[in-house]
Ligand SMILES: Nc1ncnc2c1ncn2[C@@H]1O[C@H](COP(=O)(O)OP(=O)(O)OP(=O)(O)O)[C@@H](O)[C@H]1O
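Single chain ahead, by itself, as structure tokens, in the form predicted on its own.
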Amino acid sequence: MEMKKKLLEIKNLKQYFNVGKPNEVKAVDGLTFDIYEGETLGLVGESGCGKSTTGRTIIRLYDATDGQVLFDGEDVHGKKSKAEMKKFNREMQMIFQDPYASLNPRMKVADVIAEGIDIHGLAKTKEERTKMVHDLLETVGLNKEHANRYPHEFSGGQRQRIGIARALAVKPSFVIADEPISALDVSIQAQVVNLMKKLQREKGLTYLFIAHDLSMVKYISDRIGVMYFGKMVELAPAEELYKNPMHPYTKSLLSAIPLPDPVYERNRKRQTYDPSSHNYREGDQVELREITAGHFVLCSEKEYEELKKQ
């Protein structure tokens, strides 16, 4: 990978809920990774592992408990002035998981999409605003007649397209897609993912693509990070992760992907991940270490030596 610019740097990010109480939850526990300009980083893991919380903390829907999020070299959680926040909000947008819940049912589609345009004063006149909305609708494969309808008149896939148009309205450089396809039918999922890839090429977007479906993530991501209980356990280029998974949890996730091959399915062995199999002792430095170029695994010094040999 040629030296690309780091657009986003996450350093030891922590997001705890109910801090100091007996029911404290370490939703995100010391994440460190970078996202490079123009790439798609896929973030996968089972429900409840902290993927969505990571996305929401990056974009400041939650205030981080600890750690840093640097966007273009600036600390996101350190920004204070309204003007700085506004500029940042324009650069970074989010596409939400549920296309039903994330659109205001009382607003017409034109106003849903134009909300960001209005806030940031991107249109000088009413005509310009209307034209921008129509262009955005066409960009995401809908037509301009749809602008005067309400969200309930659309299917799930169409709503998700409206959500994408809304995110693109302010011309962001970085988009967090939080399981944008999990609420959609499989046939529609591919359409939405293809649309996102096309928009990325045309507009030079950078994505953090959060999902729990490993087969779809491989198709859209350049690199994939695997999360387990708030920690990143493996991070590698997409092809590499599938060909050569190193962490036992990644192996168990990959072993659960069904293939449309009855012979393979009959003999498919599911691997179950047991966290206690690591036998970590007191004082073991368990951290993300680079095993081969660009392939990081959460492991102890001892495991690191073993993985290097393999």
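Small disclaimer: the values here were computed from a predicted structure and weren't measured. We number the residues from 1 along the sequence you see.
We do not show the form predicted together with this ligand, though everything after this point is about it.
Flag Val69 as yes or no: does it have a non-hydrogen atom within 4.5 angstroms of any non-hydrogen atom of this ligand in the model of the complex? Val69 lies outside the contact set for this ligand.
At the 4.5 Å heavy atom threshold, is Glu179 in contact with this ligand in the model of the complex? Although this ligand is absent here, Glu179 would touch it in the model of the complex, with heavy atoms inside 4.5 Å.
Could you confirm whether Cys49 comes within 4.5 Å of this ligand in the model of the complex, counting heavy atoms only? Yes, Cys49 lies within 4.5 Å of this ligand in the model of the complex.
Using 4.5 Å between non-hydrogen atoms, is Thr53 touching this ligand in the model of the complex? Yes.
Segment assignment from 240-248, 255-263, 273-281, 22-30: heavy atom within 4.5 Å of this ligand in the model of the complex: Only one stretch qualifies here: 22-30.
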